[in-house]
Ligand SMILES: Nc1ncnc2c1ncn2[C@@H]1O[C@H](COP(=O)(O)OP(=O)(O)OP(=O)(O)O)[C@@H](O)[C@H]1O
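We begin with a single chain expressed as structure tokens, specifically the form predicted alone.
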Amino acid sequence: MARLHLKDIRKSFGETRVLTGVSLDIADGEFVSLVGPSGCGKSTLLRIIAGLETQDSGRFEIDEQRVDGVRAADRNLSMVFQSYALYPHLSVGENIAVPLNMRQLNALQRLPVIGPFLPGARGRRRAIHAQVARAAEMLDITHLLGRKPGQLSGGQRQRVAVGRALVREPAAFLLDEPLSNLDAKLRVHMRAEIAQLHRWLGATFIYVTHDQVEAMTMSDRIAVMLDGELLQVGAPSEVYERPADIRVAEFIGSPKINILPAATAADGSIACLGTETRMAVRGAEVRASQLGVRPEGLHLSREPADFTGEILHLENLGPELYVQLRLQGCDAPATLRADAALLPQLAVGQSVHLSFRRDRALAFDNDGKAVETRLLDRTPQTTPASGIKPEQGIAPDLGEERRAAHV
């Protein structure tokens, strides 16, 4: 197991700055995901940790020992690549055994013909075989040990790559988008398997992904990166509910958060699309110019409420419904998450009333930084309703109980 410490890591390729001073501490046994869009620098940072790239400046420590300049083979880190990097001419068992052969057998003992008969080779090979068998049993690939990679599915190859990393008993596991080549159903399954493997091993995992769902569902903490900068590090729930930057708020969450124009009055009260929100900023010098409302924080209402909108598109996902709307006074479309039972009452082109959860709304200043707010009034915004006649043409407010179920 290992604690990792990165301090002010910077990296450029020619004139292109890839990392602009990244600092991160990873605790022993922690699962940390580096998440961000393609080109944000997360894979470069992982390769620097692995020793496959060298930073221009900054320091990297493993268990308080500086390892800058230490070659990859001597860092005791195992890496699982996006392409799995399996040897096509070797069997599954031989692929898993590669790092053990390199570590436990000398050059002569690794020779294919005479190597097994050299002094000490037989005992070491038996030990390697036992380690490979244990890893295969753990990953449920014992029946695949004799096959070649070309005879395996994507999920099976992914398990073999994990098994090869596992047998090294490394200080930390580095995983570079290992699920990106799998179909959607298999990705869900493998997410659970990797999370379970982490719990079983108690090892340090650093996981790189552009898929926020992977990061949110598997990690103890997530580190959000953009343009070579580390924007925020925290537990998934913290980053989702309290993003420090509007770029974090827009990247984390699906569907994407709704960003609405806002204005702050002299007394600190906030208005949004001409509606007094009964919210105010904390601090005399603070101003909120944008309001963020998650799709589950926006609700259809029977009575005139905060906003009025026109339905642009309906997406029925089975248990829930995504409603895309054009709000009066807002250029960008907004998205609402609702119960799929409301689908018969809604239609494209229909005009609807909407309310929003003030206790879940997020405020940002002109620079996109989060602004702390307070509620001026806790009076319920709308009267909960359980049903509505189709001919009324407007869906009911979901009520506090159903709202809670959607959060």
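Throughout, we count residues from 1 along the sequence that is shown. Quantities reported herein were computed from a predicted structural model and do not represent experimental measurements.
The discussion below concerns the form predicted in complex with this ligand, not included here.
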**Report entry** Per-stretch contact check against this ligand in the model of the complex, the hit in 35-43, 355-363, 57-65, 335-343 (non-hydrogen atom, 4.5 angstroms)
**Finding:** 35-43
**Report entry** this ligand contact in the model of the complex: Val18, any heavy atom under 4.5 Å
**Finding:** yes
Query - is_contact(Arg125, this ligand) in the model of the complex, heavy atom dist at most 4.5 Å - result: no
Query raised in the report: Might Glu177 be said to contact this ligand in the model of the complex, defining contact as any heavy atom within 4.5 Å?
Result: yes
**Report entry** is_contact(His210, this ligand) in the model of the complex, heavy atom dist at most 4.5 Å
**Finding:** yes
